[in-house]
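In the form predicted alone, a lone chain appears below as structure tokens.
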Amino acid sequence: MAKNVAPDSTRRSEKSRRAIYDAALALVGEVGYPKTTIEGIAARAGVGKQTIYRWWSSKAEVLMEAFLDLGEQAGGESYAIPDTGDLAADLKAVLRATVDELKDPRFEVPSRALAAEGVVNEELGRKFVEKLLEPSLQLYVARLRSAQQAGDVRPEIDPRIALELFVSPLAQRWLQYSGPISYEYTDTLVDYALYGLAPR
């Protein structure tokens, strides 16, 4: 006699959540953030609107979690800054990986949408910085502190300010489409930041 097996609600919920993530990322890529709606995400994912509202309060929150999940699926920890003893080479390597990510449509479209929405949505902006930007920036802080201990960076330098010398120009150029982003560009940022502009 066959046994009746109760449906696994955990598996069903995870399947729905994954479908919602995929739908949110796909829609933002196809129609842009302003035209993406909870209704559209629900229809694309094959779930009811209330399923989404049970877990998230807005499309911004859905997209934020979907984007964080995308980074985890891609193995976000692989972008941890190496410490080979050569600070310039290590910074250039991680910035080149950043260039690759920023040029990947899977990452570029949702991250650009979140960055833009974060400017006008204060709460989302805080979450964007807290969950997406700050963890990455802390990797730079840790690497620069390691370089200070090795005597490669002056001890009085504030790593949190110093990292902006190469991270901020890249972000600005990418957000404003003010010029191409490339390995050559980020390598130059590192050289200018570490060695300055004055004649040696």
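Since we're looking at a predicted model, the values are computed, not measured. Residue numbers here begin at 1 and follow the sequence given.
Keep in mind that the form predicted together with a further copy of the same chain is not shown, yet the notes after this line are about it.
Proximity to a further copy of the same chain in the model of the complex holds for all of G125, E156 and Q172, with the criterion being a heavy atom within 4.5 Å. Within this chain, A113 lines the site of a further copy of the same chain in the model of the complex, having a heavy atom no more than 4.5 Å away. Among heavy atoms of L165, some come within 4.5 Å of a further copy of the same chain in the model of the complex.
Although the partner is absent here, G118 is a contact residue: one of its heavy atoms lies within 4.5 angstroms of a further copy of the same chain in the model of the complex. Contact between L189 and a further copy of the same chain in the model of the complex is found at the 4.5 Å heavy atom cutoff. Residues of 168 to 199 that come within 4.5 Å of a further copy of the same chain in the model of the complex, judged by any heavy atom, are S168, P169, A171, Q172, R173, L175, Q176, Y177, S178, Y185, T188, L189, Y192, A193, L194, Y195, G196, L197, A198, P199 in sequence order.
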